[in-house]
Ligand SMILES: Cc1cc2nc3c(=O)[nH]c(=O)nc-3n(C[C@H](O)[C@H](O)[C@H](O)COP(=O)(O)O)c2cc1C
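The data below hold one chain only, encoded as structure tokens and taken in the form predicted on its own.
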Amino acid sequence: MQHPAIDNIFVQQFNLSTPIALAPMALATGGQLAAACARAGALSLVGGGYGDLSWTQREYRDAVARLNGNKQDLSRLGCGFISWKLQEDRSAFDWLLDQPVKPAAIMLSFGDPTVFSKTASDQNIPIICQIQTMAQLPQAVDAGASVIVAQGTEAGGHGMNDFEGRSTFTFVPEVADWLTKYSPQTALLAAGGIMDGRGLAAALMLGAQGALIGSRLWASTQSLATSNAKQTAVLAHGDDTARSAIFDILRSKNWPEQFNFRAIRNRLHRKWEGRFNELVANPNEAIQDYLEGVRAEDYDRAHVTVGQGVGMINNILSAEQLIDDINRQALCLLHREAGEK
């Protein structure tokens, strides 16, 4: 028996056939991956990341071109940015708002979204705000967020440090309860460690209307990550990742102190564990080692950006297949839980 699709305020707002959003992963979520996810019925967010104008222009235009004027698919295409970086250079953000194909949504993460959310809202573009603590939630709602993403520390890439951060399993229901009481019209997505239909079903049971998925779609055929990086992830398990600022130092990224970076804990990362102050004081040799690793696709030195769910990445499939598999598994689990045949 084919179960009916999941229907809620998030799905309705963005004309989706699955309650999944593609995470806007910097340098990985390009036009090909975003277009594939939009065609598969998910909300697709190009990885505007650090706000590089030429990269955002190329990849957003590529996604639009691949969707070939299909209004339904284009209604699922948006972009995501790092808020603190936009405060330094907002040219990519301003360019995006001036495009003939307006983004279906703009996601803002890691910093005060207020200035940018107002600019987008003035053009009737919905804002998605990613948060990592309850203290950030009222600010995001006051900024006019249509969707809140509650990100747990299990997530790959950037997130709140382990000392201040929350696990997805406890964070999502607390945010859901707050929204039910104070902002019931605001949708909620769970993020962090969601790799398959079990994770999506769990997110919905915890009170979210969907899931923002990064690592599993990073390991898809359309992701801009290299084949070697993806194969490194296939061979890894959840114990192999770590959250620290080491790779930010090696990449010369000046992130605010409360946020750091989860990736596979490779040989170069292990070399500098416990020597962080030494690395900060004299990073040049380590940076060169890292850059040589990137050029050689040597992932004992270059980073592989995945979260704690990496142990559930057992193959590299198309984004369309992954979304279909996740959605089908979640539907089966939810209807089984409801006692339906």
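Note that the structure is a prediction, hence the values are computed from the model and not measured. Start at 1 with the first residue shown and count on from there.
Note that the form predicted together with this ligand isn't included here; everything after this is about it.
Have a look at Pro113, Gly214, Gly78, Gly210 for me and say which one sits with a heavy atom within 4.5 Å of this ligand in the predicted complex. Selected option: Gly214.
Listed residue (Ala140, Ala104, Ile82, Val147) with a non-hydrogen atom within 4.5 angstroms of this ligand in the predicted complex: It is Ile82 that has a heavy atom within 4.5 Å of the partner.
Answer range among 175-183, 67-75, 104-112, 90-98 for contact with this ligand, defined in the predicted complex as heavy atoms within 4.5 Å: Looking at the other structure, the answer is 104-112.
With the cut-off set at 4.5 Å between non-hydrogen atoms, does Pro24 touch this ligand in the predicted complex? Because a heavy atom of Pro24 falls inside 4.5 Å of this ligand in the predicted complex, the answer is yes.
Flag Ala191 as yes or no: does it have a non-hydrogen atom within 4.5 angstroms of any non-hydrogen atom of this ligand in the predicted complex? Ala191: yes, in contact with this ligand in the predicted complex.
Is there a non-hydrogen atom of Gly199 within 4.5 angstroms of a non-hydrogen atom of this ligand in the predicted complex? No, Gly199 is distant from the partner.
Is Gly41 part of the interface with this ligand in the predicted complex - any heavy atom within 4.5 Å? Gly41: no contact with this ligand in the predicted complex.
Mind listing which residues of 45-60 have a heavy atom within 4.5 Å of this ligand in the predicted complex? If the 4.5 Å heavy-atom criterion is applied to this ligand in the predicted complex, 45-60 yields only Gly49.
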